[in-house]
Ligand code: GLA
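Coming up is one lone chain in structure tokens, specifically the form predicted on its own.
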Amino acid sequence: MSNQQTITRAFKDHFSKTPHFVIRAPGRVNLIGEHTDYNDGFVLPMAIDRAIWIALGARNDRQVRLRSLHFDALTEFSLDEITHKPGWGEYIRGVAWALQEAGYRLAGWEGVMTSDIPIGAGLSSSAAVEMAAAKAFSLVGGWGFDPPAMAQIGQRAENQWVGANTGIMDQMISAAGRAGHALLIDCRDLSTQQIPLPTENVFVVMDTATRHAHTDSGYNERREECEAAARFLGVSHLRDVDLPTFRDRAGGMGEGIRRRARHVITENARVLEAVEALRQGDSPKMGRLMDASHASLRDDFEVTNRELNVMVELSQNQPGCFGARMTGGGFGGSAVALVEEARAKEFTQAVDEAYQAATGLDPHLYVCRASNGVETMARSTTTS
């Protein structure tokens, strides 16, 4: 049974009627450009074929009621009195709060939600929840869903309601992805370019079975360090510093701050090189850039862990692998590798076995296809 069928049936079982809408909002894997988004830089994610699904129906009042099949739990609140309550429902409440703060007209709804995005694996399940919720509010409220605007709403919910100082990338790719493409995002002005991906190669996502949480990992600390580096260099964001300028002016910076800045500045350059490599079909170059990105995240930004490093090193040594790197905020989660499609099966088997032997952990590896961003998969004009 497909996710759409599962969530539709669950809604019927729970509410004894047909859902008005079924929404799908994808997770993402970032191909390159890590910790550059909140520095106003460049990122290159793709939406993946793993997603949050919500089946919902409009209500006649201002109540929101959503049951998570994954957690077997209900979150409910009034749009007239949105308050904090620990748990996964904070992302729904945060989106509702941010939308109302921005002047959007909201109406109540009820629904069920499921997901096949591994939570905490660095594949942006939280942003997918936010974009699914924003889409739900747009559908029952009768207003248009604008991807950049909704990405900003999701970011505000994450930053100011949930308390994680994430950038805009995760929400933007979940809102605006396109099948078969990566999305180059300029995080300064939110301009985007769809970048076709090679058809003869695939990206393999490798969940290390180690977990992170932005609110209690070193994520916020790294952001503060980047802001300190920008102040030292006299710019609003590290996006405004190129490598020659950095080398000329970084002498008086503390060692830790200097390494954080060096990662961001070199990573921005790698993203733009990666776009050209993909446009030219140069997978070996793309792979080398991924390898260099991981080394920078490991040594300069210090957001990997032992398991991520083991996973990446094992991947890089496999036949048919062009390159590999950690992906996401770090401190656990997932890595991604660019692999010849013809060798993807043997690659995943070899890495799975070697990783288990090296760490004693059971990883999850799967080939990812670039998918569309948030979309309405079904709608009904009936209420029964």
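Here the structure is a predicted model, which means the values were calculated and not measured. The first residue of the shown sequence is 1; numbering continues from there.
A second form of this protein, the form predicted together with the ligand, is not displayed here; the remarks below concern that form.
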Interface residue in the predicted complex among 167, 147, 287, 108, criterion: non-hydrogen atom within 4.5 angstroms of the ligand:
167
Which residue, 45, 328, 41, 26, is the contact with the ligand in the predicted complex, using a 4.5 Å heavy atom cutoff?
328
Of the candidate stretches 45-53, 315-323, 32-40, 332-340, the one with residues having heavy atoms within 4.5 Å of the ligand in the predicted complex is 32-40
Would residue 161 count as touching the ligand in the predicted complex under a 4.5 Å heavy atom rule?
no
Please tell me whether any heavy atom belonging to residue 91 falls inside 4.5 Å of a heavy atom of the ligand, as the geometry stands in the predicted complex.
no
Though only this chain appears here, would residue 219 touch the ligand in the predicted complex if you measure heavy atom gaps against 4.5 Å?
yes
